[in-house]
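Single chain ahead, by itself, as structure tokens, in the form predicted alone.
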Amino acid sequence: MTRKYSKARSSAALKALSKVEVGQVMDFTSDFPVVIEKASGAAVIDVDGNRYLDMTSFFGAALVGHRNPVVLGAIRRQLGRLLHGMGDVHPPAVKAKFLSKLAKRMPAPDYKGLLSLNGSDAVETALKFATAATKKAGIIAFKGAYHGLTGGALEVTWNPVFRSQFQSTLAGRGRFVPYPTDHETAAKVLEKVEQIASSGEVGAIIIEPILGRGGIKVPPPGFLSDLAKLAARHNLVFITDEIYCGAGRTGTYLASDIEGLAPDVICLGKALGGGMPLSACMMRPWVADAVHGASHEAVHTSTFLGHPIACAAGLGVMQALDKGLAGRAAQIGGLITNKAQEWQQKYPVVLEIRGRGAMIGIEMAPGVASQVVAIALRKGVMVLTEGVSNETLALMPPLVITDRELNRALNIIESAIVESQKSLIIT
């Protein structure tokens, strides 16, 4: 059956939006975007009534599904009590409950947290506290890394696309090294990190345990542990950015849990609030206690610190994971990987499969992935690309997606691959 597909209302809404929103946010002249009306579970509906299966979790935020009933229930109960708190003066009760439960999921019992509203905020917190702890501004980061676009976070975000227009504001704090995906490269990277650390100019290392926007790349086993040991030898703050890959996305609560790490600092966001803006910077005492209040003022805080509604949503997310969703990531990853391996055998444009749990990247021949995204959208699947050249299909569905929905989405993506391949000459 041919899918009826109209974008008249989306086009009109985008035209209206283009008159009031800053132009760099999106390409308003493109025929790709749709305007979303509502979503539930793994299903999305746009303003024209077109239906889609979500293979993105909306940038990873809807890990437990859109409008998860447990999360919605927690939000509604909190709405009846308190909408806004006074974070660093009179904190809301729900903030203490959320942080206490989150701390219990950390790999050591002594973590303390500072909450905010997005991943960049968590990274800003991590970098400021790390600098306070070591009195050194330099940070070792990785090529391909994305840690956010605010001032401090941009120092350790690698992609020149994000940095070039703001180069005059950057202090050059980031020292970038390759992100390894094999043992041979890992050994060379560790040598380079050792060399930089020995210079005495850096105070921290920040790494994504799975490189997200850089192309869903996984380091070889043992690399993160070796990096953490190196950091400890040089008294560097070891920061893991789990904003994209953490909170249950990869099959363990933290992606770094697989190596039994207890990093000095852990940044969380995206999935943490189940769709509500919420992030956390969790720190071991030697980092957390490096910053002190002054003259009765908190020196790193914000108006919406520990926002009650977001904290309630965060409690709902953890409850939903504990009700059985936590184990779903590995099942989803297995289904996607098996199907992708079949594609790799059938279609020359499918080059490599990477990832873990419900975070799988499929590297495609140049130009293919973006075509697949556009074709799949018309056919009823939302999927996005990652990688510096947008060469990797990122399959990151909500954990509530059923096997039937997932198989349907994968079949549509496969048909999009076939259609895209026809437009290319494979040499």
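One rule holds for the numbers: they count along the sequence shown, beginning at 1. Owing to the predicted nature of the structure, the values given are computational and were not obtained by experimental measurement.
If you look for the form predicted in complex with a small molecule, you will not find it shown, but the lines that follow are about it.
- This chain is displayed without the small molecule, yet in the predicted bound form the stretch 111-119 from 301-309, 175-183, 324-332, 111-119 comes within 4.5 Å of it by heavy atoms.
- Scanning V350, V202, I243, A133 against the small molecule in the predicted bound form with a 4.5 Å heavy atom cut-off leaves one residue, I243.
- Among the residues F238, Y146, F223, F129, the one placing a heavy atom within 4.5 Å of the small molecule in the predicted bound form is Y146.
- In the predicted bound form, no residue of the candidate spot (R105, R249 and D257) has a heavy atom lying within 4.5 Å of the small molecule.
- In the predicted bound form, at least one heavy atom of K270 sits within 4.5 Å of a heavy atom of the small molecule.
- Contact annotation for R213: at least one heavy atom lies within 4.5 Å of the small molecule in the predicted bound form.
- Using a 4.5 angstroms threshold between heavy atoms, E208 counts as touching the small molecule in the predicted bound form.
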